[in-house]
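Only one chain is given next, in structure tokens, and it is the form predicted alone.
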């Protein structure tokens, strides 16, 4: 390729982005094709509009204050059962969810675009070893849960894994190396989330990382919606009879995959979007919270709240901002399809970042201060767009023990301890009490819950000793 393809130069001139072709004549044909493909993928009109709107900072600040002031604790929440009647209602919902799983109406979405850099792990986070004894990876824990669910309920459960440019190839290779942990390969699909360019904060000009490359970064977990559509997976799932998606992020090994109760409640309430929440441990815990604002369910991020606001109480003495978002959701396929059309696309958020880039002479610039705007979408922005949204309180100790930090709270140590604790609790229900420091690991293929473990121990399929051992080396 020698000359610029028709329309590319004109398009760039319209948006004052001509610098993207500065090194055109020095590039190989392959590099030129790559650069044009990157340029073609950018919606410059949208980037310009969002960048310009971001400059009106005072309006944005006022809007955030209004959201916080208007927020109330969510009124419509299915709380954890506290009576025999409520227990029976949850059991009924679980039966409904189990039937939907048996009928092949549910698929799983795992958001796995992040790397484990914050954990000191130079690979996709899903590859991180989390098993307390075996060092099973996060991916293996989820794969075994899905396989166990399929064996229990009998229906197909497609697994859709959203990767990023940084994790896509290595993730697929990892699954291949482990033969998909026994899952039918045809039921597992990998798709990449989109990318967005970083722009110079003062001029709005797209930054370049190399003469043939824009500074691109993933477009956030909200990019899921359009990525599902563009990959053809929404149409493929519809053809397969899937009606709902169980959504979770890759960093939580204690998630109850395809939780029948959550799926059942979602179905019983004809919900378009169902969200699992847990009680925050303290007002300032770094979790987004679900609230009611003007008759809509929305999420307020922890960064929007100061300490005084975060601890605000209502007339009954309850924290207003108690309902922490676990990033566990159920979506109807029809709602996701709605979000892909026209004005239904999720909004773009702007974040100020320090972004390495090359200058007009081709020299690498490594800024020490914030110099750029990045753009991303958040899946929780779908909440106010749903005409029927449901909030369900989860059991925090059982199902929300994420791996986010290298040390301290939500770290590999606390997550492994949670997995062991859950195992000890299940063994205790079967009459086997262990020391609180004992390491326990129960594969989902051994038992999905305490009742199944009791049965397996009774009939001699497993022994207590097979589930315990020294903690895995880290």
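Residue numbers count along the first chain shown, from 1. Please read all numbers here as calculations on a predicted model, not as lab measurements. Rigid core (definition): largest C-alpha set, two forms, superposition within 1.5 Å.
From this point on, the text means the form predicted in complex with a small molecule, which you will not see here.
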Seminar exercise, completed: Within 4.5 Å of the small molecule in the predicted complex, heavy atom basis, the matching stretch of 199-207, 303-311, 75-83, 220-228 is 220-228
Problem set entry | 271, 193, 140, 373 - the one with a heavy atom within 4.5 Å of the small molecule in the predicted complex | 193
Problem set entry | Sole residue of 131, 324, 158, 116 within 4.5 Å of the small molecule in the predicted complex, by heavy atom | 116
For this session: Although the small molecule is absent from this view, report whether residue 249 comes within 4.5 Å of it in the predicted complex, heavy atoms only.
Result: yes
Exercise. Can you check whether residue 390 is within 4.5 Å of the small molecule in the predicted complex, heavy atom basis?
Worked result: no
Exercise. If you check in the predicted complex, is residue 329 within 4.5 Å of the small molecule, heavy atoms only?
Worked result: no
For this session: Answer for residue 149 alone: is it within 4.5 Å of the small molecule in the predicted complex, judged on heavy atom distances?
Result: no
Exercise. Comparing between this form and the one not shown on the rigid core, is the C-alpha shift at residue 353 2 Å or larger?
Worked result: yes
